[in-house]
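Take a look at this one chain, the form predicted alone, written out in structure tokens.
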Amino acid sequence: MTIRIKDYWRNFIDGEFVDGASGERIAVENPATAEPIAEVARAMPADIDRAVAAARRAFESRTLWEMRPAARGDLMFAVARHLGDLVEEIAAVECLDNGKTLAAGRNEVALTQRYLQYYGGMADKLEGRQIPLGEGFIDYTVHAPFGVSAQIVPWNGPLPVGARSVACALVTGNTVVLKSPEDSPLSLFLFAEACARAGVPRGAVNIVCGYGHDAGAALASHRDIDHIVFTGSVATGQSVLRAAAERVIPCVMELGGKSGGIVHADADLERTARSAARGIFHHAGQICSAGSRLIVHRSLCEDLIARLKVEAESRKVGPGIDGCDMGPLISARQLAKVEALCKVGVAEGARLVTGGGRVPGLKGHFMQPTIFADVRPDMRIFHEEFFGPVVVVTPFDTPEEAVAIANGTEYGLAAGVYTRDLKLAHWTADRLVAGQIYVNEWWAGGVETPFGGTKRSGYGREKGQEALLGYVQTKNVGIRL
């Protein structure tokens, strides 16, 4: 199947699509073929200045803030409708610049629409409170926007991740400058098109594509931003936080993980194998909350590994455009990183059950679904994030040991529990240190459920009602009558 997209994409600043100030461009590659498919205008610090200035003007105009909250919600519904008009174009670019299947690209649009509709419906429900101070006083609180929200979005799911942050910002009266990922930027330009068609005020949403070391750094350290939302690696997150600390800017940080699922002795092995396989092989493991560790009761270990091996080896790996089960990693750089860490695992003495390297004979950045067994907690592959389709399996003997092993990394984004015993499920969930716990189904939950990390996986929450609290500050008004 052949699909085409336009050759050149421009940044969206102050309600218009514009070239970069330097005239430079960034080549966008198809990870399934390792060939360029388009170019985008490269945003440099001068473009960041222009975008932040547009967002500042839009915020200072108070256009969004003075709208009735329900009207801000209606804007999100309108964006969702216009996004639906672009579904086939978005599916095509998700397939070509991100490696997803066409069906997965369409699902990304549906998920993004759900975020927009959810937060559109929440716009008029974020309420303050009245505080009794006694005779002669009235005191109340309101939720006030921060101002200009700087948002840096990852390449693994740019459209839904970017849109949910934009939606939270707009319904609470903030304006946005969003840096899209240079590896996979195109769907967010189509989101910008939907915002323009829906009548989002000029300058309220600005979307630019640039490299992290110049555009991203310029945005995070900009003197005129008020708030940062970041999803990415711990190392880059630390750089963002250092820049934020200089100006005491509040942040919402999601920094990845090494999420572990505990498989207790009474677990349903057939369901567990299916769920665990989806949890690590979906989108080739390029998901922050992927289930990259399994902590399995020793009595079940070999049986579950055999079932996982069948799941892994039955997956057809290849270009998303061909409808394969698992697509490519995003870049040659990412594939090399995953392969190198697999070699570390072999050298450390872990048992390679299947996979372990790139798929031979394919031109793009394809990694085999990979399983390591007999992985000890002192191994690098137990602690380091692959961000690829690699799961490591560690045995345990007691529930207490399982929890200690699961909690034994610096991350704390997600965790899982597989058991038929409800009491044991609650006991385990209570003791796991993670932002979300999945019981008997990896990724149980949805748009409505708060998502975020503990420990080095970050702080703040996205998704659900709780996310909105990360985009507002409480203002207290005390009145002497």
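The numbering used is simple: start at 1 and walk along the sequence shown. Just so you know, these numbers come straight off a predicted model, no measurement behind them.
There is another form of this protein, the form predicted in complex with nicotinamide-adenine-dinucleotide, and it is not shown here; the text below is about that form.
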Is there a heavy atom of Phe59 lying 4.5 Å or less from a heavy atom of nicotinamide-adenine-dinucleotide in the predicted bound form? no
For Ala91, is any heavy atom within 4.5 Å of nicotinamide-adenine-dinucleotide in the predicted bound form, or not? no
Would you classify Cys324 as touching nicotinamide-adenine-dinucleotide in the predicted bound form, given a 4.5 Å non-hydrogen atom cut-off? no
Is Gly260 close to nicotinamide-adenine-dinucleotide in the predicted bound form, meaning a heavy atom pair under 4.5 Å apart or at it? no
For this chain shown on its own, do Leu308, Gly355 and Thr370 all sit within 4.5 Å of nicotinamide-adenine-dinucleotide in the predicted bound form, going by heavy atoms? no
Which residue, Gly203, Gly364, Pro395, Gly216, is the contact with nicotinamide-adenine-dinucleotide in the predicted bound form, using a 4.5 Å heavy atom cutoff? Gly216
Proximity to nicotinamide-adenine-dinucleotide in the predicted bound form, single hit among Gly256, Gly320, Gly120, Gly173 (heavy atom within 4.5 Å): Gly256
Considering nicotinamide-adenine-dinucleotide in the predicted bound form, find the one stretch among 187-195, 92-100, 238-246, 165-173 with heavy atoms no farther than 4.5 Å from it. 238-246
Looking at nicotinamide-adenine-dinucleotide in the predicted bound form, which residues in 372-406 have at least one heavy atom within 4.5 Å of it? Glu385, Phe387
